[in-house]
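Given next, in structure tokens, is a single chain: the form predicted alone.
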Amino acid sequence: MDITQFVELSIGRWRSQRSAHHLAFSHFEAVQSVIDIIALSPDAPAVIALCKSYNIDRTQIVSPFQMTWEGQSDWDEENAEIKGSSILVPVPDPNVPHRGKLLRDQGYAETVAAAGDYHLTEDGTFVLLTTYDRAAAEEKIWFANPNLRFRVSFIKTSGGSGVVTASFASEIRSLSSNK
């Protein structure tokens, strides 16, 4: 599987159940959410702006997409709502198959623009490593079948020596027309 195939397989609406262990707070969190992943044109203004911010020529990119999410967390008694959106632009490495950069207008561990390094393993697992100022994130996503995928993520200290948060999510594609 290459990055284009991975993105194409990811397009759609996903219902997600995520369990997160926040080790620094000794807290377990359960999150239910809906994730929408839509393909974007390489000519979309947000894609152009993101490429410019990283000095990336648009001829180097493939399969840009937008991911939006909305969910509920049991972190506090009021069931805090979680919402967000991010533009993501894969930039494959022309010299190393199945590797590249993933540009994002908003990161996972910190809400700032971020560029992570990705690779796809032989079994089709997408692995993303992103270093931020105060943390590092590692995420793995794989498909059990076209409508079921799993995601594991770790937020580590900036030096990578300690895990702050570990999470596991199962995501099921919504096949119904009524979202």
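In this text the structure is predicted, and so the values were computed from the model without any measurement. For every residue, the number given is its place in the sequence shown, counted from 1.
Form predicted together with another copy of the chain: not shown, discussed below.
K.L.:
Quick one: in the predicted complex, does every one of I35, Y132 and R134 get a heavy atom within 4.5 Å of another copy of the chain?
P.N.:
Not a single residue of the candidate spot has a heavy atom within 4.5 Å of another copy of the chain in the predicted complex.
K.L.:
Can you pick the one in Y118, W69, F65, W142 that has a heavy atom within 4.5 Å of another copy of the chain in the predicted complex?
P.N.:
It is W142.
K.L.:
Can any non-hydrogen atom of H27 be found within 4.5 angstroms of another copy of the chain in the predicted complex?
P.N.:
So H27 counts as contacting another copy of the chain.
K.L.:
Contact with another copy of the chain in the predicted complex for I61, defined as at least one heavy atom pair within 4.5 Å: yes or no?
P.N.:
The answer is no: I61 has no heavy atom within 4.5 Å of another copy of the chain.
K.L.:
Would you check, heavy atoms only and a 4.5 Å threshold, whether R13 touches another copy of the chain in the predicted complex?
P.N.:
Flag for R13 set to no.
K.L.:
Y54 versus another copy of the chain, in the predicted complex: is there a non-hydrogen atom within 4.5 Å?
P.N.:
Judged by the heavy-atom cut-off of 4.5 Å, Y54 is well away from another copy of the chain in the predicted complex.
K.L.:
Taking another copy of the chain in the predicted complex, which residues of 12-36 have any heavy atom within 4.5 Å of it?
P.N.:
Heavy-atom contacts to another copy of the chain in the predicted complex: R15, Q17, R18, S19, H21, H22, L23, S26, H27, F28, A30, V31, Q32.
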